[in-house]
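In the block that follows, a single chain appears as structure tokens, in the form predicted on its own.
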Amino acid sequence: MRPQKITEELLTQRMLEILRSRGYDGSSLQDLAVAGDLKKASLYHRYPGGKQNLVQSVLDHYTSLLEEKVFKILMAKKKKPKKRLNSAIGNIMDLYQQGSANCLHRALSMETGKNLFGDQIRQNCQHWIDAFETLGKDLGFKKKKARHLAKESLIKIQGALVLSNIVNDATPFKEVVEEIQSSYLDK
């Protein structure tokens, strides 16, 4: 067996970047193969289910990153809420490359991607809201206010990513992240 040209981790990262920028319908297998420095046959070997299998693998990886770097941290009751918030905020900045990367959920929530992956995207968004709500309650907010802040955090992050991409400037994202952090700390 020949050694692989590219590690799974690096391949997944490259596929993530293509999918973030082009979505499901805008990404051909040829685009994904080129990004991975592979031939299409090699992609089929790694992902026998084709493009849908490949995208599912990338989405599962992205879900795991969100779970590990954001959701679990926000819900880790043994740590102080302010530390959890600061840690999760730092990870959100990293996950979205300081505001220069699109959200995979947004990119996959159009047309075919929404039909194929909509349930998982909705679950991830709900988990985001639940995790931020838990943090809000742990910071002393009443349930209704904690829920509102949690939903608002997701809306603001998504909107800021879109705007940052449109104006080709990560400032809106960075400002919104600071605003979210302040909304939780300025009780």
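Everything numeric here is computed off the predicted structure, so don't read it as measured data. Residue numbers here begin at 1 and follow the sequence given.
Omitted here: the form predicted in complex with a further copy of the same chain. The next part is about that form.
Participant: Flag Asp94 as yes or no: does it have a non-hydrogen atom within 4.5 angstroms of any non-hydrogen atom of a further copy of the same chain in the model of the complex?
Facilitator: Outside the cut-off, so no.
Participant: Would you check, heavy atoms only and a 4.5 Å threshold, whether Leu65 touches a further copy of the same chain in the model of the complex?
Facilitator: No, no contact at 4.5 Å.
Participant: Can any non-hydrogen atom of Leu163 be found within 4.5 angstroms of a further copy of the same chain in the model of the complex?
Facilitator: Contact with a further copy of the same chain, yes.
Participant: For Glu152, is any heavy atom within 4.5 Å of a further copy of the same chain in the model of the complex, or not?
Facilitator: Although a further copy of the same chain is absent here, Glu152 would touch it in the model of the complex, with heavy atoms inside 4.5 Å.
Participant: Considering a further copy of the same chain in the model of the complex, which of Leu54, Ala131, Leu32, Ile121 comes within 4.5 Å of it through any heavy atom?
Facilitator: Contact with a further copy of the same chain in the model of the complex is made by Ile121 alone.
Participant: Pick from 133-141, 65-73, 22-30, 40-48: which stretch has a heavy atom within 4.5 Å of a further copy of the same chain in the model of the complex?
Facilitator: In short, 22-30.
Participant: Is it true that Ala107, Lys114 and Val176, all three, sit within 4.5 Å of a further copy of the same chain in the model of the complex, judged by heavy atoms?
Facilitator: Per the other structure, all of Ala107, Lys114 and Val176 touch a further copy of the same chain.
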